[in-house]
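Just one chain follows, in the form predicted on its own, and it is written as structure tokens.
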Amino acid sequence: MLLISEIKLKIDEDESILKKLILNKLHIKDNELLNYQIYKKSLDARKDAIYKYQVLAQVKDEKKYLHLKNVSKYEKPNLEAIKIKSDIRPIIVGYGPSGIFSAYRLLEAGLKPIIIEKGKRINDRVKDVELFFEKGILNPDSNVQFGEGGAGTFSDAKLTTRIKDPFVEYILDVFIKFGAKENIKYIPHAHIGTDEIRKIIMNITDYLINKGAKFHFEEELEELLLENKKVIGIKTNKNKYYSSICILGVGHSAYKTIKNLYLQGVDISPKDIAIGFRVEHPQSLIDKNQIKGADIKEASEYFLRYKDEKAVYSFCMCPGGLVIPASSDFNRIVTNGMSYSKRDSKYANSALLVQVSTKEFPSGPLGGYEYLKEYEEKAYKISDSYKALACNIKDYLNNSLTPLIFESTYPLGTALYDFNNFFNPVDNEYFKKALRYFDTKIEGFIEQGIMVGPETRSSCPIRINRDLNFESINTKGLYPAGEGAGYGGGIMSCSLDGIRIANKIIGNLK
């Protein structure tokens, strides 16, 4: 297979032209091109907007063309799992991305995991989430944070990562196998959307069940069963399960579980985090600034960063999306962003976060949870409901308060509030410097934007320390995984972490 780079199309040109461009590039006839597919696609909007492509082409006698510019040999790595025989049934606690892909990989190797998930299956989970969105009735065990698929099920379902790993393509292939579109493998900043990721996750779950995985939904880990600091099983609120292997893939909101593990002596340390708020703008404003008048149908994105002693940056940007309530605890306000696959809301939103070091937490390994709890409870007390706090960005900068310039997409409504009284004075100054800087990058960012918050669950405030074998450094057989253990920050990185752990376990058992 040949990899051909720097193939360019104008915005209004159809991708069917690619075949002709490949033929011209290789100087071959139609019947000599056996097959081709898009490998990567990117938008270059610096001058006249164009799309750049990398394509994979199958031709006869490939060596003849390797001397050509932007043509190289491509070989897909063999990522097939090693088949093993073992009576061990690894336990996986938490069924977000790290749990899903560790289970999938273990099954490929012939192992049949037992999966414990605190929340419900998606169909029932959606009902609980919708009840909260519509009436503010929260189920602390079934919500945006907990349930089949993890927190990413109610998000934009972004598939981007800076990690260079052959298993990135493997993950995308799995999503495609269970219902995602083929183009997630090559379009820039690929996403699936909350409506589509739900169907895909359910399909994966059904496949795992049919292959022999055992699921226990609505069941919560209470403690590890240990002998000589080695895992021999787990105890849940309903039963005991025995295994020498436990993959811990709980999410960043599983404070109760993490506290129980800490009390059992599992080695845990605090980790830096970030807090802030969501900003919302008309999607048309973002499109106008990012694509500079080009006729592009997709809702455009941005990534902004202001570097000072503390960095302030955008995170989890949702084009054509919604700001949503993401609470998992009573009387605490948490916001997040979500998009459907079409990204057809009229508004764009993104978190704007400031770095928070462990030095700012209360003392102790779990102090970060207390730090976040204080902000989330403070917001609820101000609102006296699950309505998010909100104000105009320009008012925040001017220390004033006027009615919102447009209604937030946050479904439970907002309480008008001056965020100058919410964050500490130092963080307020960093936010204000950053917002003024961002306005130089996206004209109208201040005048046409509102802020909604708080945003507190962007990352986990702890790390469950593990060794090079991915095991807890002081609890053998425990494999901390993904975001809730401090080793991931999104669907792709957490999925990769789950696969790496599964591969290590498979290698140890072969």
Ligand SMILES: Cc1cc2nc3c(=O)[nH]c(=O)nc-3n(C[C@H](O)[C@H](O)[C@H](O)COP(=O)(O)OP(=O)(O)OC[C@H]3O[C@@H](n4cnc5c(N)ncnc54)[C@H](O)[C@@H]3O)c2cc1C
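Just so it is clear, the model here is predicted, and its values are computed rather than measured. Note that residue numbering begins at 1 and tracks the sequence as displayed.
One more form of this protein should be noted, the form predicted together with the named molecule, which is absent from this view; the next part is about it.
The partner is not drawn, yet in the model of the complex one stretch among 81-89, 384-392, 366-374, 118-126 has residues with heavy atoms inside 4.5 Å of the named molecule: 118-126.
Proximity to the named molecule in the model of the complex, taken as a non-hydrogen atom within 4.5 angstroms, holds for one residue of Gly276, Gly321, Pro113, Gly99, which is Gly99. The contact with the named molecule in the model of the complex, taken as any heavy atom within 4.5 Å, belongs to Ala157 out of Ile333, Ala157, Ala103, Ile201. Although the partner is absent here, Gly484 is a contact residue: one of its heavy atoms lies within 4.5 angstroms of the named molecule in the model of the complex.
Among residues of the shown chain, Leu208 is not one whose heavy atoms approach the named molecule to within 4.5 Å in the model of the complex.
Looking at Gln145, you'd find a heavy atom of it within 4.5 angstroms of the named molecule in the model of the complex. Taking the partner from the other structure, the named molecule in the model of the complex has a heavy atom within 4.5 Å of a heavy atom of Ile491. In the model of the complex, Val93, Gly94, Tyr95, Gly96 are the residues of 79-96 with at least one heavy atom within 4.5 Å of the named molecule, listed from first to last.
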